[in-house]
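First, one chain by itself in structure tokens, the form predicted on its own.
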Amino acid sequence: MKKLLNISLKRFTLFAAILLICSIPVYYYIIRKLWAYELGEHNIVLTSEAAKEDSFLIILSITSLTLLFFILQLVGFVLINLRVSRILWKPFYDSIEKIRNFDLTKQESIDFNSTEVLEFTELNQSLDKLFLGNRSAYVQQKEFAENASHELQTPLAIIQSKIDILLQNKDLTDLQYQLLDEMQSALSRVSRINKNLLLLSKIENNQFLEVEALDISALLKEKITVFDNFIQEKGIQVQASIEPEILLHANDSLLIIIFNNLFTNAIRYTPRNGKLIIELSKNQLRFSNSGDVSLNRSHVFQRFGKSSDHSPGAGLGLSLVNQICKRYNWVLDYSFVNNFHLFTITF
């Protein structure tokens, strides 16, 4: 990518250089004719050797001085143009920097600097309208998700209890029992999604402000024990490399959410008899689980993003992990190396 200012200066310099090279023989020819005319006008007769030598020196001196002043003028023009252009384009680059640092989730407004350039003023006004519309749409969407999730809690709980009561009925046929079991499974998934949506809203609203020094080494080992039954059920081989007494300043609830979702994601998408590698160092946490196909990096951390053509949507688990990492300015990354899915959090 090239800056517009650099492109203009390069083209101007190239044009000036071509013009200068082409003008040298023309300039030399004109000076030589003028020199011959002046000698004839004043009836000055020189020997052929003297005329040749004097004319060459004079023409060369005049041409060299002219070229020198031309080059100095060109360099001065380029330097002045650079300085003037930087001053003129400064409001544009200021606006670009503010747009680059803009975060919609923080609901911060952008105050563009005033400028006397009409085009930049119109650009800033258009950007103000665009960001105002985006912020309004984001707030409405966020409020809708919060309200819908909150209102759905009660009816979902009622439906769940009714299904549980029906499942205890001894007069159910096998088909009815199967249908109720499928309904309960689908309802459980909807309930999890609803709870995760509420949790995302709380995280975005900064409702988890409490921070304390946590021994994540002990917490991670505890989670390995908690998920051991699920790991054993799929025959997954776990290899853990955890440095002791790694302390991290964070909210206890949010850190547990990260661990739960990373474990759940790894166990769910690791093939039977596969391998799970967990590594914790002072500055990094890594979950590596075996797999066959790479996930879509652009969708893997999106809400309900379809991570690959061979698997269903990732739901909200990894989106939650991503949102929490953003809150603490941790870097969450995904890669696929040697048939292993690598999820890395850098503290």
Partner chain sequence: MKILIIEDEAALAKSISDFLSQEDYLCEIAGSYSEAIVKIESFQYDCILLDLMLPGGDGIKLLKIIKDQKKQDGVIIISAKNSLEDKVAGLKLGADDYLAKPFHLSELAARVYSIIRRKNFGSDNMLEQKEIKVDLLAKKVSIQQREVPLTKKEYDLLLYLMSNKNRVLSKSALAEHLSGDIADMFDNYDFVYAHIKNLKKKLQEAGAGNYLKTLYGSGYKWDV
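Positions refer to the first chain, counted from 1. None of the values given here were measured: they were computed from a predicted structure.
From this point on, the text means the form predicted together with its partner chain, which you will not see here.
Trainee: Pick from 73-81, 220-228, 242-250, 86-94: which stretch has a heavy atom within 4.5 Å of its partner chain in the predicted complex?
Mentor: Stretch with heavy atoms near the partner: 220-228.
Trainee: Please run the contact check for Lys195 against its partner chain in the predicted complex: heavy atoms, 4.5 angstroms, yes or no?
Mentor: Contact check for Lys195: yes, within 4.5 Å of its partner chain in the predicted complex.
Trainee: Can you tell me whether Ser201 touches its partner chain? I mean in the predicted complex, with a 4.5 angstroms heavy atom cut-off.
Mentor: Close contact is absent here: in the predicted complex, Ser201 is far from its partner chain, nothing within 4.5 Å, heavy atoms only.
Trainee: Although the partner isn't part of this model, could you tell me whether Asp103 comes within 4.5 Å of its partner chain in the predicted complex, counting any heavy atom of the residue?
Mentor: No.
Trainee: Whether Leu167 contacts its partner chain in the predicted complex should be assessed with a 4.5 Å heavy atom distance threshold; does it?
Mentor: Heavy-atom contact with its partner chain at 4.5 Å: present for Leu167.
Trainee: Decide if the three candidate residues Ala157, Ser161 and Arg268 all line its partner chain in the predicted complex, where lining means a heavy atom within 4.5 Å.
Mentor: Checked in the predicted complex: all three residues contact its partner chain.
Trainee: Tell me, out of Thr173, Asn147, Gln125, Asn113, which residue has a non-hydrogen atom within 4.5 angstroms of its partner chain in the predicted complex.
Mentor: Only one listed residue qualifies here, and that residue is Thr173.
Trainee: Of the options Ser109, Asn134, Gln153, Gln237, which one has a non-hydrogen atom that comes within 4.5 Å of its partner chain in the predicted complex?
Mentor: Selected residue: Gln153.
Trainee: With the partner left out here, which residues of 244-264 have a non-hydrogen atom within 4.5 Å of its partner chain in the predicted complex?
Mentor: Ser253, Asn260, Asn261, Thr264 sit within 4.5 Å of the partner.
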